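Presented as structure tokens, the chain that follows is alone, the form predicted on its own.
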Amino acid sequence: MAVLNYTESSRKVEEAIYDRVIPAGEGWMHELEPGQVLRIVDLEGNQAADTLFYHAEDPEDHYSAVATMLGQQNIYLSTGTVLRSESNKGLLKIVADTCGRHDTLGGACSAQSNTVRYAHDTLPMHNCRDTFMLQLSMYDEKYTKRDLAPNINFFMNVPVTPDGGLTFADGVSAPGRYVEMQSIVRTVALISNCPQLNNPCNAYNPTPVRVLIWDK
């Protein structure tokens, strides 16, 4: 069951050291120093920000959905969640959340999953897996296809049904809602701002997200 730990942040936008808008369908990759705070803002509501994290000093030790869920004994992510790596190290901690529903089970869309979920003619459509690969290839040659892993879908509503299934439901986010995470170790963040046109989570209308960073 989802637990909304609604927590607003005291950080001021004008004091951020980094501020960028990621258009729908585009990607972003950036390193965070320990203590720095990353905020992702759902500018127009019901967007999905597919996100992965890597330990900057050991990229193979990437975000682990399993370790994160086991660590908190809950499948939904919100304020207080420690985002853990494959080795169970804490990479970041969610310190503010005004949405309250973030999925880490549904995975990122790909050409293959689009054909299974929607229709065979969606095969050539832009997808998050391709954006992840493009960003990894441009960021550093040490990152490859093998570094893709199950990700977080911030702001995406994928409730688990009573019989254990997943449903891609209408979004519960709204314009301006955000999630904020404080980096515990040097962490590389990778975002694909989902271009998906075929599911109701974003009302079939992908929109921009904004990323801001504070030193603490």
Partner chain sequence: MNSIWNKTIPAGGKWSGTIGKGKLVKFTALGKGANLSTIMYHANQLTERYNMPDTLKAQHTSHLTKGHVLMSDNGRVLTSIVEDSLGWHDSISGYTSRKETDEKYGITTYQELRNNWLRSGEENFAVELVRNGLGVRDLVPVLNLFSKVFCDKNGDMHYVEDHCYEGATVTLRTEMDTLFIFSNTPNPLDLRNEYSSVPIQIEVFDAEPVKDDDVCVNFRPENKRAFENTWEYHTLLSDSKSVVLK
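Numbering follows the first chain given and starts at 1. Here the structure is a predicted model, which means the values were calculated and not measured.
We do not show the form predicted together with the partner chain, though everything after this point is about it.
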Subject >> Heavy atom contact within 4.5 Å of the partner chain in the predicted bound form, the stretch among 180 to 188, 63 to 71, 40 to 48, 23 to 31 >> reply: 63 to 71
Subject >> Contacting member of V82, L105, M125, V95, with respect to the partner chain in the predicted bound form [4.5 Å, heavy atom] >> reply: L105
Original post:
Might L134 be said to contact the partner chain in the predicted bound form, defining contact as any heavy atom within 4.5 Å?
Top reply: no
Subject >> V160 within 4.5 Å of the partner chain in the predicted bound form, heavy atoms >> reply: yes
Subject >> Close approach of Y118 to the partner chain in the predicted bound form, 4.5 Å, heavy atom >> reply: yes
**OP:** Evaluate E86 for contact with the partner chain in the predicted bound form, applying a 4.5 angstroms cut-off between non-hydrogen atoms, and reply yes or no.
**Re:** yes
Subject >> in the predicted bound form: members of 12 to 31 within 4.5 Å of the partner chain, any heavy atom >> reply: none
